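We begin with a single chain expressed as structure tokens, specifically the form predicted on its own.
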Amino acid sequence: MNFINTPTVIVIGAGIGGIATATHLAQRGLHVIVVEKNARPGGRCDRFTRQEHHFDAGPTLVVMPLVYEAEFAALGASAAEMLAWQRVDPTYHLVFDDNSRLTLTSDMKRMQEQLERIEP
């Protein structure tokens, strides 16, 4: 690649969005420089260890898996082959100041019943 005649793009951040953006731009023939403030790429898709305990710093819930699948496909890979998807249902429980609760679930009937109790 002749970098002298190739437009250069600087991507700020090497999280999942920055890496995906940089990859798409590079596939289109642009010279891409990725600048990251941390010691390694990944952003919120990171892991750290404290006293022999491992912690995922990344998202605990993927709310739009089709977006991930489309990005992997656009980059010539399969999300299903690269990621270990695991359905968790209910996803989590919310407890409000008045001690009322909401359990987020993919069971639409159960979700509707809960929401109707909060806001008929």
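Start at 1 and count along the sequence shown; that's the residue number. Quantities reported herein were computed from a predicted structural model and do not represent experimental measurements.
One more form of this protein, predicted in complex with a small molecule, exists but is not displayed; see below.
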Answer key: of 94, 77, 35, 70, within 4.5 Å of the small molecule in the model of the complex (heavy atoms) is 35
With the small molecule left out of view, which of 90, 29, 59, 65 would have a heavy atom within 4.5 Å of it in the model of the complex?
59
With the partner left out here, check for me: in the model of the complex, does some heavy atom of residue 104 sit within 4.5 Å of the small molecule?
no
Is residue 45 part of the interface with the small molecule in the model of the complex - any heavy atom within 4.5 Å?
yes
Give a yes/no on whether residue 9 approaches the small molecule to within 4.5 Å in the model of the complex, heavy atoms considered.
no
Using the partner position in the model of the complex, report whether residue 22 sits within 4.5 Å of the small molecule, counting heavy atoms only.
no
